[in-house]
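This document opens with one chain alone, in structure tokens, the form predicted alone.
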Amino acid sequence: MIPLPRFELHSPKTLAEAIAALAHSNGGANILAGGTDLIANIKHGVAKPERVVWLGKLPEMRAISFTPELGLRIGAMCTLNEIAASSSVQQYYPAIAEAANSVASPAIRNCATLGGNLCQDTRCFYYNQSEFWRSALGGCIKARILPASNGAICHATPGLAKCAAVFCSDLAPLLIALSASVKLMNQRGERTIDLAELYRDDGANHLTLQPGEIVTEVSIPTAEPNQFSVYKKLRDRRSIDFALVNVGLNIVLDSELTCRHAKIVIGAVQSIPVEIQTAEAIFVNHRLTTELIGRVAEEAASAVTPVPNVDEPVGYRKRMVRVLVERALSEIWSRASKKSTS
């Protein structure tokens, strides 16, 4: 068993107390939600917080609600099992329930939270190892141990001057496709941004959170009458393993199966979820057919360049982008066809 190093633990009972604890940490604090990712990272020396602020005693961040006017609202401290089991999520956004249910194992989903999943650190084969293993390579950009002879270095992509660690959130691609927004709070106040704006293409610093900021709630707009969303995921094993590729799709069709809106987001291939706008453009104002599905899936695969820092080869993961997009769109076509004839 790997022991935890010493750190200062805060267990605030209100959101105001949590914000104050983060504000007075001088940047040396980590937020602890379910702990399924952070605790492991602390044990391996990947994270070295001076202070940890646990949000488990904040009931105001554990609510799930739905109204036709406001859509779906999910508190950031809701566990993935709570989200998957929610009647509102299952009735109005079944793809979200499926995405939440795809994460790791039941034991982990009982602890892991929505906010933690959305803010999960990026991962890299060269980085997520023991400190001894990492130091043997001479450091990297993400570890912030830069060898004087090489300057900035990424072992996964040596020619790149920034970190290419892979984006890991399972729920983010689908929620971005559903046009989700997130509410953020710190001592300066509250702001709401599109979920896509929470991320930047930098594996070492992939979140755009301001100092002391907490993700408190996620909002998803009410679905349109002919809206179809799907989540697909590829991993080595059906439990525990992180995604090699995941896909979130949201499509709005008319009664003739002509696409009026499309959003296709790919995760786990780069340091940021990638919206495939060129593939979306092929779709809009065209009728959904098997030929069109094939073209869109091919464009989606062409538009992404997976980073070579997880177990499976780049070429395989790129091919699987095409397969998952094609399967997702074929599922939508089947569901839409049945709905139009019923």
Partner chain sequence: MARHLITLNVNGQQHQLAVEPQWTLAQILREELQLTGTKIGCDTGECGACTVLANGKPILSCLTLAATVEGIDIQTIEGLARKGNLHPLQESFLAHGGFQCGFCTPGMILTAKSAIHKGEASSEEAIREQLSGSLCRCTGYQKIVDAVTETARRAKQTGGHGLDRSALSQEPFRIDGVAQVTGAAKFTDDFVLPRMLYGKILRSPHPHARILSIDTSKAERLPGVVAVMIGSELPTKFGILPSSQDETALCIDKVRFAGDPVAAVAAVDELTALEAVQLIDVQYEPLPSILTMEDALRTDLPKIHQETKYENNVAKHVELEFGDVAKGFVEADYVREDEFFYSANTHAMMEPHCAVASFEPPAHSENYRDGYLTLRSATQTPHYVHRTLASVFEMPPSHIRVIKPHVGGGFGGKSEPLALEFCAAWLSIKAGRPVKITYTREEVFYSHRGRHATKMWVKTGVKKEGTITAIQYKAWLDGGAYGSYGVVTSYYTGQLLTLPYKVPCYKFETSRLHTNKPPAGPKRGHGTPQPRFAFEVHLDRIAEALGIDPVEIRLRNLVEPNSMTVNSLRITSCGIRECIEKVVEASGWREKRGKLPRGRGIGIAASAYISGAAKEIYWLGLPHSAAVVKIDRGGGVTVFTGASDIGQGSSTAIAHIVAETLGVAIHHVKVCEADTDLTPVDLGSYSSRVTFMAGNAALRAAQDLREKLFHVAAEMLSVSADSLTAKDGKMFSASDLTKSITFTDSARAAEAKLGPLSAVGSYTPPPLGGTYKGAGAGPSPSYSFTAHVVELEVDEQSGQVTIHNVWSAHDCGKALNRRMVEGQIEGSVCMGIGEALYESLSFTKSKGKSENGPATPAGLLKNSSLLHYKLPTTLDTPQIQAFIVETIDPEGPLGAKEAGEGPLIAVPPAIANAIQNAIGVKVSSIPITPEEILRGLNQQLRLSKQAAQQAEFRHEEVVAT
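What you are looking at is a predicted structure, and each value in this text was computed from that prediction instead of being measured. Positions refer to the first chain, counted from 1.
This protein has a second form, the form predicted together with the partner chain, left out of what is shown; the following refers to that one.
A.B. asks: Of 156, 218, 259, 214, which one comes within 4.5 Å of the partner chain in the predicted bound form, counting heavy atoms only?
C.D. replies: Filtering the options by heavy-atom distance leaves 156.
A.B. asks: Just to confirm the contact call: exactly one of 191 to 199, 86 to 94, 118 to 126, 220 to 228 touches the partner chain in the predicted bound form at a 4.5 Å heavy atom cutoff, so which is it?
C.D. replies: One stretch meets the cut-off, namely 118 to 126.
A.B. asks: Contact between residue 235 and the partner chain in the predicted bound form at 4.5 Å, heavy atoms?
C.D. replies: Yes - in the predicted bound form, heavy atoms of residue 235 and the partner chain come within 4.5 Å of each other.
A.B. asks: Using a 4.5 angstroms cut-off on non-hydrogen atoms, would residue 109 count as touching the partner chain in the predicted bound form?
C.D. replies: Result yes; residue 109 sits at the interface with the partner chain in the predicted bound form.
A.B. asks: Is it the case that residue 61, even though its partner is missing from this view, gets within 4.5 Å of the partner chain in the predicted bound form, heavy atoms only?
C.D. replies: No, residue 61 is distant from the partner.
A.B. asks: Contact between residue 295 and the partner chain in the predicted bound form at 4.5 Å, heavy atoms?
C.D. replies: No - in the predicted bound form, heavy atoms of residue 295 and the partner chain never come within 4.5 Å of each other.
A.B. asks: Taking the partner chain as it sits in the predicted bound form, which residues of 259 to 289 have a non-hydrogen atom within 4.5 Å of it? Please list them.
C.D. replies: Residues within 4.5 Å: none in this stretch.
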